[in-house]
Ligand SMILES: Cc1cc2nc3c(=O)[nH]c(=O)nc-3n(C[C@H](O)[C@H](O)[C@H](O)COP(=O)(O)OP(=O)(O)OC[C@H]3O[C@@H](n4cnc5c(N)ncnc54)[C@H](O)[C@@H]3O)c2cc1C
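Taking the form predicted alone, here's one chain by itself in structure tokens.
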Amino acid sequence: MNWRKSLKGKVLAQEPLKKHTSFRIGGPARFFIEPSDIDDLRFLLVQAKRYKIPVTVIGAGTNILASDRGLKKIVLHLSARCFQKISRDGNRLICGSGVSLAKVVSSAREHGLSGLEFLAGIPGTLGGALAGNAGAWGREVGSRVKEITVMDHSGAIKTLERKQIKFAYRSSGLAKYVILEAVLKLCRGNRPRIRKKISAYLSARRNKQEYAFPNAGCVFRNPSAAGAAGALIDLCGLKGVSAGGAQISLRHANFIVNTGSASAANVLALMREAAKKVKERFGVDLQPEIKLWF
């Protein structure tokens, strides 16, 4: 494995994933690597393919449940400065995939550009949001994409137009790539009005969601025609139900929280229980919204 010595970025072996996920859960990754630049990333992907080591990308780790046993993979984190650039071109923002959503929203606000206010308060990076087509309040980030630049696992860079990307509810079809950069189409807006919208979204999020304990946000997708997953779980009387150190939130039933010593197995047990009860009572199949890394 001499190729690791040729990387300019940070390389950590057997790095605990619980240090990099908002759940604070997860065993060691075979390698946790932060490339220093595009060339470093390309070299890493080529070597990983050569040695047949699977690669998965992590952003801020805000929607991941990682195995207690860890992963026999390279976990790739795009934290270098070159992946966190933001610039403006008229009504467009050009953003690196490693930029936090908070910074994307604030940059749009500073430039007087509207269209991303609904993302206020959603944790994570732009790359993760694009990969999962993150959204809230009936809107999704994919609707604001003009194009996305990606690198495939052979190291080739390509730019995908919006029509080439299969955005759907919490999915994009981009998992086979490493997202590098996105061009977002916005519209000119009134700065005070933009600030007011952002404040309203942040306030609504604070009033409804769980912040007291580590968690990964909404655990299940909302069924298309059956109402909100959280409401269905709540109607089954499952708020406060625990398994080990994991608990279905008393504040929002679609959140599972780590009260201090939860394992991935504990969280999975609660997910199975919630899915079982909702299926029995409402005939609805709940599907995970969080990524299960096992």
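What you see is a predicted model; the values in this text were computed from it and never measured. Residue indices: 1-based, along the sequence shown.
FYI, the form predicted in complex with this ligand isn't displayed, but the following is about it.
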task: Indicate whether this ligand has at least one heavy atom within 4.5 Å of a heavy atom of C95 in the predicted complex.
output: no
task: Classify G189 as contacting or not contacting this ligand in the predicted complex by the rule of any non-hydrogen atom within 4.5 angstroms, answering yes or no.
output: no
- prompt: Does P223 reach this ligand in the predicted complex, with heavy atoms at most 4.5 Å apart?
  reply: no
query: Is the gap between F255 and this ligand in the predicted complex 4.5 Å or less for some heavy atom pair?
result: yes
statement: Partner-free chain; cross-checking this ligand in the predicted complex, the single residue of I194, A131, L116, I74 with a heavy atom within 4.5 Å is A131
message: Which is the contacting stretch out of 262-270, 237-245, 53-61, 27-35, given heavy atoms within 4.5 Å of this ligand in the predicted complex?
response: 53-61
query: Any chance S249, K277 and L286 all have a heavy atom within 4.5 Å of this ligand in the predicted complex?
result: no
query: Within 114-135, which residues have a heavy atom closer than or equal to 4.5 Å from this ligand in the predicted complex?
result: I122, P123, G124, T125, G127, G128, A129, A131, A134, G135
